[in-house]
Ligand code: NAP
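This document opens with one chain alone, in structure tokens, the form predicted alone.
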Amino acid sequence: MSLLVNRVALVTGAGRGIGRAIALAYAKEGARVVLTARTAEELDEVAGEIRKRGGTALALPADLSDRTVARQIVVDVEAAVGSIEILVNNAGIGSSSKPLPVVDFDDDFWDKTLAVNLTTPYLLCKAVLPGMLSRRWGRIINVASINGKIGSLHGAAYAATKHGLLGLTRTLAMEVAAQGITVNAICPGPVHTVMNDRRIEYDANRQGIAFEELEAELTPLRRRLEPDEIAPLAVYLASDGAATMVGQAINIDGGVLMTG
């Protein structure tokens, strides 16, 4: 039986990587999926794949670094598809975009990372909550990172925003649990994505070792996770069966943080 039939889901950063995998998985479970990210071509490809499989998808390209965009996305989704019942805050800027120690960190990059990784999820949560509260049902899933629990060398902005996202997750979960809305976070370890490729390249060059050697050392599995291995957890957290999952920050990391 499909778990998300006719649920309206908004997935940010849905053009590739984890967001793409979650969007495809939601559509497979019967959700009507709205995808947003900066690159229209990538979104159109994912939406086309969903439709080819018989699903429903709407692509809404947007620059989530603009704080005025979040509310407009919600308005556009509600006009086109209906009220958002599932929100996945997945879009983010990684440490690989501009890795530097704090003493040399780029202040503009700090501000942009906070805007995309933390302020935009806050604004999107705020925008979808009135509808969820009126229906007394909703699912908010924030894609954080294991770097929301540990530091990230030369990635202060990334680690700070992912720590902050867990604080937002837990606080909001406390506020809305009694109204039938769950808020949880997924904390992936190293996942085989373009963003993580760049981080491994940086660390491999910094340490003077081969990309493949460092990649094999990242997890006890001796490999990175694949985006498709994250999506089933996102499906579960969006389902009726996850009604008692409240304020959790779930590691899915191949064993990196076994006690985290």
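Sequential numbering from 1, following the sequence displayed. Please read these numbers as outputs of a predicted model, since none were measured by experiment.
The same protein also has a form predicted together with the named molecule, omitted here; what follows describes it.
Only one segment in the set 170-178, 136-144, 76-84, 122-130 has any non-hydrogen atom within 4.5 angstroms of the named molecule in the model of the complex, and it is 136-144. By the 4.5 Å heavy atom rule, the three marked residues 30, 182 and 238 all fail to count as contacting the named molecule in the model of the complex. Out of the listed residues 38, 206, 53, 223, 38 is the one that sits within 4.5 Å of the named molecule in the model of the complex by at least one heavy atom. Although the partner is absent here, residue 190 sits close enough that one of its heavy atoms falls within 4.5 Å of the named molecule in the model of the complex. In the model of the complex, the named molecule lies farther than 4.5 Å from every heavy atom of residue 58. Shown alone here, residue 64 lies within 4.5 Å of the named molecule in the model of the complex, counting heavy atoms only. Using a 4.5 angstroms threshold between heavy atoms, residue 92 counts as touching the named molecule in the model of the complex. In the model of the complex, the named molecule lies within 4.5 angstroms of at least one heavy atom of each of the following residues of 157-178: 158, 162, in sequence order.
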